[in-house]
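Only one chain comes next, encoded as structure tokens, the form predicted on its own.
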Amino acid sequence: MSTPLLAPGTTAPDFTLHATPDQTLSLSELQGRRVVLVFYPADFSPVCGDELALYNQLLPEFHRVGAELVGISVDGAWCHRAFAEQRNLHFTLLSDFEPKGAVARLYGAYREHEGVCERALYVIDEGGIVRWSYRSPVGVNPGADGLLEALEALPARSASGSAA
């Protein structure tokens, strides 16, 4: 039985994870921006590679609506680096490596029996509130339609960057 994903209206739990072996990123550092969290099972797996390559191609769309894209899996920072280089990814991949899956557990996106992240998506607004979440079967690329629709449904941003 899967743990439920965080429901819309929930405050997104803050976290700090490694983006590189010596640099970290906290969700709180992205406060004031829209954030798309992409939990995925593993670097170098066929479905994950295709899913993240698709999101990489759509980066201009995410940026157009003011969203930062962040990938999270239990792979280590060095593995993420090699994966990002091989796939030419231009967004941050965070390592939920130690303690393994701790952040994924907070988000209801950890597969206990396999020891990997679920294939789960979150849209978090400028105030750190979950506005949309979705879990796809592990073997299925969820695509981007629902994600883009969720971002488009957020209130328009004013010139100052806050919601209008």
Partner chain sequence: MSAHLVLPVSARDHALGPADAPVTLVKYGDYECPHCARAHPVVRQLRAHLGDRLRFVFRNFPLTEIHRHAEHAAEAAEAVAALAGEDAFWAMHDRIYEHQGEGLGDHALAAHAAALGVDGDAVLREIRGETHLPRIREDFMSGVRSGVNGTPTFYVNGARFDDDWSDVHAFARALEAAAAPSR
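This is a predicted model, so every value here is computed, not measured. Positions refer to the first chain, counted from 1.
The same protein also exists as the form predicted in complex with the partner chain; that form is not shown, yet it is the one meant from here on.
Between 61-69, 23-31, 105-113, 91-99, the stretch whose residues reach within 4.5 angstroms of the partner chain in the model of the complex through a non-hydrogen atom is 61-69. The partner chain in the model of the complex comes within 4.5 Å of no heavy atom belonging to Pro13. Proximity of Ala19 to the partner chain in the model of the complex: non-hydrogen atoms within 4.5 Å are absent; the residue sits far from the partner. Although the partner is absent here, Asn56 is a contact residue: one of its heavy atoms lies within 4.5 angstroms of the partner chain in the model of the complex. Though the partner is left out of this view, Tyr134 does reach within 4.5 Å of the partner chain in the model of the complex, counting heavy atoms only. In sequence order, Tyr134, Asn141, Pro142, Gly143, Ala144, Asp145, Gly146, Leu148, Glu149, Glu152 are the residues of 134-152 having a heavy atom within 4.5 Å of the partner chain in the model of the complex; the partner itself is omitted from this view.
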